[in-house]
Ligand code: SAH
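Take a look at this single chain, the form predicted on its own, given in structure tokens.
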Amino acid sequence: MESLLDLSIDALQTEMALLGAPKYTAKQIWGWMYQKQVTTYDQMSNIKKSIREALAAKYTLLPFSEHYFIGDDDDLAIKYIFKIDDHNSVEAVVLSEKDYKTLCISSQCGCPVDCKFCLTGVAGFKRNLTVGEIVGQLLVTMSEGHPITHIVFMGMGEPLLNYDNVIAAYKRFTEESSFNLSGRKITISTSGYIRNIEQLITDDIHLNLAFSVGSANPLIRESIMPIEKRNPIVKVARLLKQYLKLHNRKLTLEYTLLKGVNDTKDQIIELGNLAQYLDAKVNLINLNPHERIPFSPVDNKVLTGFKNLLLKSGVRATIRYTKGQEIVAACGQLGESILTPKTA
């Protein structure tokens, strides 16, 4: 059954007209979902029972048959697992910062990109998520007491390969009548699909992007990110530079360090050159190990040394410190629910 969250406001107004409800009823229902974050029809107290029952017969409100969550020791990372159909689940993570909360959201069930250092790639690709399944991740977490102000599309999947639904969800997040989040507090990660970045330019959509580099050296990159073969980093970089000229949004280069693979000084210098060319910030991520990932993290001393090397060359650089590793919720670790499904 389709979720009510899949409907646009126009589609919801059409449904209300078919039910003979007053025109304003659609806006009331919309407000209940997106401004008051209710997750059941019964909570919509000013909507006629007959209207609620008619909607419930045709649409579920949430697109998940069940969900549950697991928190780490300090609850700085809370992993949500959403069951989307009989065999598949997706995961999202609430990350608590000092002054705000970020939701790391999924856009696909599994991932087709097959980055060799990412557990989601090991899980394989199942399908794209619908608008409702993307939006529902935020609705559920907010309804359960997490005042989310920032969103990162860095969960399961390659967001730009689910372009239409991701952009529709992004608009739902930022529309004043919906969640009314700031677009500047939403970042969409990509491994670098040329066709979809071109589509962003054509559609004149301005986003904060995070580009997963892997390695600035094309040969090494191809060995750990097969996407390099058809989407060469040189072409992606040129296209990103063109995209950045159209607006003043931020670009971050995400760089996961793999011991003995992409951790030489020369490679960090190449990364710094790429960052300077794109006027981008570098986010260094030490690999979060997992038994199914055939790589190891670098020593913390090496990690800090690389950050300092980038800073000395004039590149803005930060280290993304691990949160949620003990609950398999750290960067690159989502997908455990597919590999080891929950049993009743």
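A residue's number is simply how far along the shown sequence it sits, counting from 1. This structure is a prediction, so every number in the text was calculated from the model and none was measured.
Not pictured, yet referred to below: the form predicted in complex with this ligand.
**Q** Is every one of S3, Y41 and T60 in contact with this ligand in the predicted complex, taking contact as a heavy atom within 4.5 Å?
**A** Checked in the predicted complex: no contact with this ligand for any of the three.
**Q** Give me the residue from V315, I285, V298, A26 that has a heavy atom within 4.5 Å of this ligand in the predicted complex.
**A** Exactly one listed residue reaches within 4.5 Å, namely I285.
**Q** Go through T141, S89, T256, N162 and name the one with a heavy atom inside 4.5 Å of this ligand in the predicted complex.
**A** For this set of options, the contacting one is T256.
**Q** Heavy atoms within 4.5 Å of this ligand in the predicted complex: does G155 have any?
**A** It does: once this ligand is placed as it appears in the predicted complex, G155 has a heavy atom within 4.5 Å of it.
**Q** Given that the partner is absent here, does I293 sit within 4.5 Å of this ligand in the predicted complex, heavy atoms only?
**A** Yes, I293 lies within 4.5 Å of this ligand in the predicted complex.
**Q** Could you confirm whether L271 comes within 4.5 Å of this ligand in the predicted complex, counting heavy atoms only?
**A** The answer is no: L271 has no heavy atom within 4.5 Å of this ligand.
**Q** In the predicted complex, does S178 have a heavy atom within 4.5 Å of this ligand?
**A** No, S178 stays farther than 4.5 Å from this ligand in the predicted complex.
**Q** Sort through 167-175, 115-123, 262-270, 241-249 and report the only stretch with a non-hydrogen atom within 4.5 Å of this ligand in the predicted complex.
**A** Looking at the other structure, the answer is 115-123.
**Q** If you apply a 4.5 angstroms heavy atom cut-off, which residues in 177-207 are near this ligand in the predicted complex?
**A** Those in contact are S189, T190, S191.
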